[in-house]
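What follows is a single chain, given as structure tokens, in the form predicted alone.
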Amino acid sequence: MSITNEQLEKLKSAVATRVPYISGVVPLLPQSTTLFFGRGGTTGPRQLNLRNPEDAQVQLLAKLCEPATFGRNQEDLLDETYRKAGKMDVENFAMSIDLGQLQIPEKIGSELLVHGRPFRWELYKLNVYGPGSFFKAHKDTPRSEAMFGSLVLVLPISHKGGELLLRTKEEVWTYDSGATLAQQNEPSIGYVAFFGDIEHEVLPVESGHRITLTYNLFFAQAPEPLAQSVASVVHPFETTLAGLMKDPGFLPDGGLIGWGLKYEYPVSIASRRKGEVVESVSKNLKGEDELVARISASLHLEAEIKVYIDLKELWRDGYAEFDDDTCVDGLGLLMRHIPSFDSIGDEGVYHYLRSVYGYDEVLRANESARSRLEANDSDDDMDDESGEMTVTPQTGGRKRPEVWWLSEPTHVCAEVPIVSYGNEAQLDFIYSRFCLIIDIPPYATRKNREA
């Protein structure tokens, strides 16, 4: 065995799970005490004093808001069984808030992102959730490939209910802005920042008004190499992986370590449909995904973003009939493209993908029955049609390796999902799933590098 269960578990446990959001409270600054608002037909701008909010002004703000819609695919829909709230666009309100002076960007950079990566923010909407208002589960609509999340400021207006739930497959977190603000001794602003692909919902407001300002968050540039930005900080994953690479019993002939990315990433819908290479994903990694990629680079390991294709999922989706036993054994494929199956005929998916995208593009990812690889040994190195050795950038002519997964990969949908809910209609981008494949050189090569 080229890697032991103990070695694999060491690597897995070295990457601690990060919480995909941060929250807190900041004091209301003297220059940020007034919200100005107005809309066509009103007699000049109105204002709301946030230190001593009058109920009549809160009610007027709620009245001047438009009904909030939500996005389903390419449509903006108004359906109060799914979302009931008011909205006001940025041209209709103003408030002097300096996020930098509140130190919120600093907290996002140090607590949510990895190593204080630069980012920018854009004010998006004002929302008013009155009694009975809510927003069912959704994800934030991505507005560019660099968008990574949202920042929500909750203004100091008394309310009960309206908790924000953030949900992954494993956990659910609750941010109760009403209770948090009620505990403060002075007027304060609550804030919560989270990754946009995390499903979230606003529970019904019981009383009062939950008034929020929402900002879209975008990466400003690609991250600096790990060694340059935090040379003095050594992460447990880096220590563990570096130590294993010095072990002659760890992948002695080399191999592939796989990290199924924890988060979804926005890509151009046009790129998906054309099957083009998704170059932007590696520049916009976040959380544990960015951490694993940057540490791999710091150890001079080749790591590449790939698309994982689960043949069983394709079979369930009805794209093709399988003429071999690869589906039964749970064989997966890795590609640099999100493939299209529009022109697939009766041939097997594996051969179709190789003929359309090239022999070096499609890599067998794993088999549940390792004995099958060993039994076929030399035959499995031969292309089924040409009889030639299968050579990929990862294998270099060696026997096609199994990928050792630290985090299980997720099958990428072959087409744009039919139903997708967001805070507005899908524009040009949509979330997709990917994985990171780390190429571990043979021990002899690793040893020579140290010499």
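The numbering used is simple: start at 1 and walk along the sequence shown. These numbers were taken from a predicted model, which means no experiment stands behind them.
Unshown form predicted together with a small molecule; subsequent notes refer to it.
Interface membership of residue 259, defined by any non-hydrogen atom within 4.5 Å of the small molecule in the predicted complex, is ruled out. Remark: residue 212 counts among the residues lining the small molecule in the predicted complex, judged by a heavy atom distance of 4.5 Å or less. Although the partner is absent here, residue 290 lies well away from the small molecule in the predicted complex, with no heavy atom inside 4.5 Å. Although the partner is absent from this view, residue 362 stays clear of the small molecule in the predicted complex, with no non-hydrogen atom inside 4.5 angstroms. Judged by heavy atoms within 4.5 Å of the small molecule in the predicted complex, the contact stretch among the candidates 351-359, 245-253, 128-136, 281-289 is 128-136. Of the residues 157, 309, 152, 267, just one reaches the small molecule in the predicted complex with a heavy atom at 4.5 Å or closer; this is 152. Taking a 4.5 Å heavy atom cutoff to the small molecule in the predicted complex, the contact residue among 202, 108, 334, 295 is 202. Looking at the small molecule in the predicted complex, residues 83, 140 and 164 each place a heavy atom within 4.5 Å of it.
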